[in-house]
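Here you get one chain, nothing else, as structure tokens; it is the form predicted alone.
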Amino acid sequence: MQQFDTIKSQFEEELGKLNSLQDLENLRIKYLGKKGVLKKLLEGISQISKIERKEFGQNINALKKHIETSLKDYKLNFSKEKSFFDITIPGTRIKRGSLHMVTLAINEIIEIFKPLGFIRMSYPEVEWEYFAFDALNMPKDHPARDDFEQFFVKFQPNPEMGKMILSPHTSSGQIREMRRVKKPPIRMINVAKCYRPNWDTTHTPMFHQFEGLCIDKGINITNLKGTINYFVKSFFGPTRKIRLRPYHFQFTEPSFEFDISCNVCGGTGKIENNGHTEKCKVCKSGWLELGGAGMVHPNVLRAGGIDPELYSGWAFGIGIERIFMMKEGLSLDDIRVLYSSNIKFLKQF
């Protein structure tokens, strides 16, 4: 017993002189290691009579438990004493996310049209055929109404409204806005998600559009062209060029498609790739289509409850992802990267 008391006293004395966790580990090895003090004590048990062996073993176990507990408590207390928190040091800032670039583009578009008196509206993404097609002067056999061109929704058809559909464009908002306002003037920017079964460099199944609608007395093509030019110069910069091409849309007459010079290839339609000249895979011609436009068809005005003999108007629809790709300095050559969840790309915005 005197031997155990001596070892215990020696251990506690050494424990009180420790200055670091490494010293603590060295002390643990000295007493509990494979060649430690207790191991040597245990090896000497064979030299003790059988009568005393039991008590000897109990004493070794008690000493071992005492040493293990002391080491554990000392380590815990040592860590607490050494920990320090300086309340004057600036805290670590939590990383903040940012708005998606499409949202940023939408906000910029709305701000551009505010000075012209346009208000932002948002109409249903799940729409009736009537508003998406019939009221827009599109006949039942129009190719755009084919099952391969749209996402139809499994829902009980309405005798007057037809089937339900994931809205293929924001143009259905024209009719709803006319019926809401009832009497011009109307200046609306309708921003919403649209859906079409396309997936390639310049198309995604879900995309955003914004619809411009202006109806009043004496509205003509000059007003339409001036508004588009104002938007393009404001959004893309004064150096970008635009062009209008005659086209046909069921809901406008006359109709146009309008393009902007491609900033991926600089409007040349060609790009240099490792010393080789290739056709620009975004525009292929130097121009990228931004959207369609035209004077609102008289039948559409009537469907909206407005007399085409008194009022006229223009409308346009533009894909937001498409125009974002053409933003000055971006040079995005694949629209699908906007929804790729690529952090290295997204964190730039």
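Note that residue numbering follows the sequence shown and begins at 1. Just so we're clear, the structure is a prediction, and the values are computed from it rather than from any experiment.
Although it is not shown, the form predicted in complex with ligand DAH is what the next lines describe.
- In the model of the complex, ligand DAH stays beyond 4.5 Å of every heavy atom belonging to residue 263.
- Within this chain, residue 133 is remote from the site of ligand DAH in the model of the complex, having no heavy atom within 4.5 Å.
- Residue 316 belongs to the set of residues with a heavy atom inside 4.5 Å of ligand DAH in the model of the complex.
- Ligand DAH in the model of the complex comes within 4.5 Å of a heavy atom belonging to residue 209.
- Figure note: of the listed segments 164-172, 119-127, 177-185, 103-111, the one touching ligand DAH in the model of the complex, with heavy atoms no more than 4.5 Å away, is 164-172.
- Contacts to ligand DAH in the model of the complex (heavy atom within 4.5 Å) from stretch 227-254: 249, 251, 252.
- Between residue 193 and residue 148, the Cα spacing is smaller in the model of the complex than in the shown form, differing by no less than 3 Å.
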